[in-house]
Structures are given as C-alpha cells and as structure tokens.
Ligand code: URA
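Take a look at this one chain, the form predicted alone, written out in structure tokens.
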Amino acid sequence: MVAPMDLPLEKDRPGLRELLAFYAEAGVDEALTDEPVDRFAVSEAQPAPLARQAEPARAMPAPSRSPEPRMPPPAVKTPVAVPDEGQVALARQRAATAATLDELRGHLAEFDGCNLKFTAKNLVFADGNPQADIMLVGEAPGRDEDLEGLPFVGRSGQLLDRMLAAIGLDRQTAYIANVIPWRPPGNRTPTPQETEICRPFIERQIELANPKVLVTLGGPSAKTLLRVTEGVLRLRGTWKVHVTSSGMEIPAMPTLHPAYLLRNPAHKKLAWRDFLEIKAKLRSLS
C-alpha cells in the first residue's frame, strides 16, 4: 500500500501536491485495489436513490371524443307552384267566378297557384274606397306593404298621399291596388309568368270596382293593364284605354311610380302634369 503523500512528484507539477493532500484528508490511501470490483453487482445490490426512482406512470386521460354534430331538423317543405299555363287558366277561372270584391279577395287568399304566396307574409289586396271614381294600380308590394297587408304604406305611399292631396283626393276618395298581390322575395321584379298568373285577378278587381278613371303607376303596371310595350316615360301624360274581359272601356292614365319619383325628384313635375290631367278628366266625367 502506497500512501499518496509518498508518491514521487513529477518535479512538483503545479497543483498536484494540493490535489494529493485533498485525497489524503478524504481517506484515499490507495491508487488501485488488488481485486477487480464488479460495479454491475454493486449497482444491483444497492437500491437506486429515491431521487432517481422512476415516477409511477400517470394514467393518460382517455382522448376526449368530440360530440357528434347535431343534424338540423328536417326543413319544412314549402309548397311551390311552378308558374305554367295550367295555373294561368285556373286563375282566370277563379277570378271570373267572383261576383264581388270580397269574394275575389277570398279566391285570392285560397289560390295556391302562384309561388309568391308562400314567401310573402300577407296578401296585399287593396286599400281605400272601392266605390271611388279613381283607381290607382302599382306593380307589387314592398316590405312595408307586406308587413301591413296594405298597398302603398311606405315612403312611396306617403308621397302618393301627397300627390292625391294635391288634386283634392285621399284614401277615402280613391281605390288603390297592385298587379301582384304578394311581395316578391327581396323586392325582386316579378317574372312574366308570375304576372300572367296574377293578371286575371287584378283585371277582375278593376272590373268589379268599375272606376271612372284608372291610373297605372309605373311601367310594369302600364304594360300589364294597357298591353303596351313602350317605356313609361314615353307613355305618361297620354290617355289610354283599359278594356276589361267583359268589354268595358275605362280611360287610363299611365304615370310615374312614386318610388321612381323618390329616386328621381326632378321628374316630379312630370307626374304633377299627369295628375292635373287626371283631375280635369274626373271633373269632366262627374
């Protein structure tokens, strides 16, 4: 056994003496042992330090299953009437059998031949006095009219009221309706097929009201009831004739629609001239 302090120092290498002194103080007095040491056997005999023991495996939570998407409830199928000649013929038949305006309104409420009925909230039949000397007809209801079930109750209706008042009339002395009694979705333009289906009803409505003067408000109304192709700016201001299914002839004045006048206020003067003509015609027929 050789003491560390007795080992020869290689010319007193710097720091070696201090290191050997540290080993001697720590009890190290041999460089090698006589018998080899099985370090694997020693490791198995001694338990591993607690700090190094493997922690018990944590139970991994089961992967969460995303909830299955809920299927939307089946949509309620709205009956859709495809406009065709059969529906037009049915409309003519129903309209012709109405003997009064109330009966005609009832036929319209029961009529399922126009697809517009199933997207509108209300039937917009008429407003005012059906016994009046003047009847005004627009194209189709808008949002406000659809909600209230009356024609011309929005901004365009307020302007129409002022136009009537300018010639001494109001809703008690005028009768107001539309070619189309149901609002088209999104206020879109009615298709020619939809217009043809509704035509028999508005023509019968005019015939039963039997006004002295008919006023068509806007181009679509004029083209439907007067069977013309010109634009309303060319038609307005000139008297035309509406002929009913029974051959009755009613003087008709095509003029600009109030909604158009709200977008083009400079043309109000044209509508004012038309209403002065209407006023003069009513006086001559009184």
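A residue's number is simply how far along the shown sequence it sits, counting from 1. Quantities reported herein were computed from a predicted structural model and do not represent experimental measurements.
Heads up, the form predicted in complex with the ligand isn't pictured, but that's what we're talking about next.
None of Pro190, Pro181, Gly138, Gly128 but one reaches within 4.5 angstroms of the ligand in the predicted bound form through a heavy atom, and that residue is Gly138. When the ligand is considered in the predicted bound form, only one residue from Pro211, Gly142, Gly113, Pro200 comes within 4.5 Å through any heavy atom, namely Gly142. Looking at 148-156, 115-123, 96-104, 190-198, the stretch with residues near the ligand in the predicted bound form, meaning non-hydrogen atoms within 4.5 angstroms, turns out to be 148-156. Residue His257 is the only member of 243-267 with a non-hydrogen atom no more than 4.5 angstroms from the ligand in the predicted bound form.
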